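Below you will find one chain, with nothing else, as structure tokens; this is the form predicted on its own, and questions on how it binds or moves follow later.
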Amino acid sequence: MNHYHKRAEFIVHQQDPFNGGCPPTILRESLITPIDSFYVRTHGNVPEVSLNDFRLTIDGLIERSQAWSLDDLKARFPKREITATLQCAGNRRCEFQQAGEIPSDSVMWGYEGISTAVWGGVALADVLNAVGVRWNAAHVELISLDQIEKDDQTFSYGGSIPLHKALSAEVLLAYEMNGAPLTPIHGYPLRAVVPGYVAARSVKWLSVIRVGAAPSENFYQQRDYKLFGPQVSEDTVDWDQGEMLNEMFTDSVICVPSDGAQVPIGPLIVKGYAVPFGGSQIERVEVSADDGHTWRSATLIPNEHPWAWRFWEIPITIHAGEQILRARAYDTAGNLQPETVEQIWNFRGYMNNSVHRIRLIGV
């Protein structure tokens, strides 16, 4: 783990491929997540890339195919920055185990599969406009340099986003993270950053951009990152019927204190984060200190970054013994969080945005 320069509190779920993140108590300390605390989701190896040899290939339904070095991109296109939150589609997966079995090869994320950084790079829209997108294009595929071994096959990670999202100003081809060059584990030398979408679409170690008429045929677009209803199991799944994951769902998480913590009776400041659906904004967060019987609005911490999580806090009173806290968020698109994990359980363990509950012990 030291090779990736993560802090001591980093929770490692897997070593190979490397996956993990920091406890939410640490994530809640700063709106911008330090690189040593930023969560990691990988599916294969971390490629070793020579910057002299690196080229970004752009092909498909375009007028002019290109193969540009990183220096070419920096010279041809203006640098842009955006503060954006990336969240794994499997964040909060651990709670789904209450409602049904999740495949054993899944990374059992708690609440640490989310982080926020200031990304620097060039706009994907600028690049696409420069190569000329043809009239029949509808999707933009992003392909990685990594190598994944699965089902006796070796292939690169990939996925796609709709053309209208790719042409949105917020989507970057990033070469910087928090003002420094990308580290190897976070996608050096170039990665996609697709704000508002699940991080599975923010492809790291980006090597190919392919414009097409249909979504990517990559395993991680057609099979892995898909959403199914609670009635579908691993034995009955029809992969063609699943919903391809794109926009993040409205969610809120209590970060401080931790679930199961023993806390002194009396006043306590509860802190958390919230994320909205897609490109909407968090309108309010409500917290219950009595397991849902009564609710109060939390204070939203001012934030000038529309693509970043929203921090919130609220004072409550801790009583002796067990106490259940709940948090729920509302966004400007009118989305609410589902009440229970049973309502949204799916065998892949994706997109858990049920009302968050923690148990505290007042002592």
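Predicted model, so just to flag it, every value in this text is computed and none were measured. For every residue, the number given is its place in the sequence shown, counted from 1.
What follows is about the form predicted in complex with a small molecule, which we do not show.
> With the cut-off set at 4.5 Å between non-hydrogen atoms, does Val256 touch the small molecule in the predicted bound form?
Replying inline: The answer is no: Val256 has no heavy atom within 4.5 Å of the small molecule.
>> Although the partner isn't part of this model, could you tell me whether Arg41 comes within 4.5 Å of the small molecule in the predicted bound form, counting any heavy atom of the residue?
In response: Yes.
> Taking heavy atoms and a 4.5 Å cut-off, does Lys204 contact the small molecule in the predicted bound form?
Replying inline: Judged by the heavy-atom cut-off of 4.5 Å, Lys204 is in contact with the small molecule in the predicted bound form.
> Ile82 near the small molecule in the predicted bound form, any heavy atom under 4.5 Å?
Replying inline: No, Ile82 is distant from the partner.
> Counting only heavy atoms and a 4.5 Å cutoff, which of 269-277, 193-201, 240-248, 97-105 contacts the small molecule in the predicted bound form?
Replying inline: Partner-contacting stretch among the options: 193-201.
> Among Asp146, Glu286, Glu170, Glu141, which has any heavy atom within 4.5 Å of the small molecule in the predicted bound form?
Replying inline: Going through each option in turn, the one that passes is Asp146.
>> Only one of Tyr188, Phe77, Tyr157, Phe228 gets a heavy atom within 4.5 Å of the small molecule in the predicted bound form. Which one?
In response: Of Tyr188, Phe77, Tyr157, Phe228, the residue with a heavy atom within 4.5 Å of the small molecule in the predicted bound form is Tyr157.
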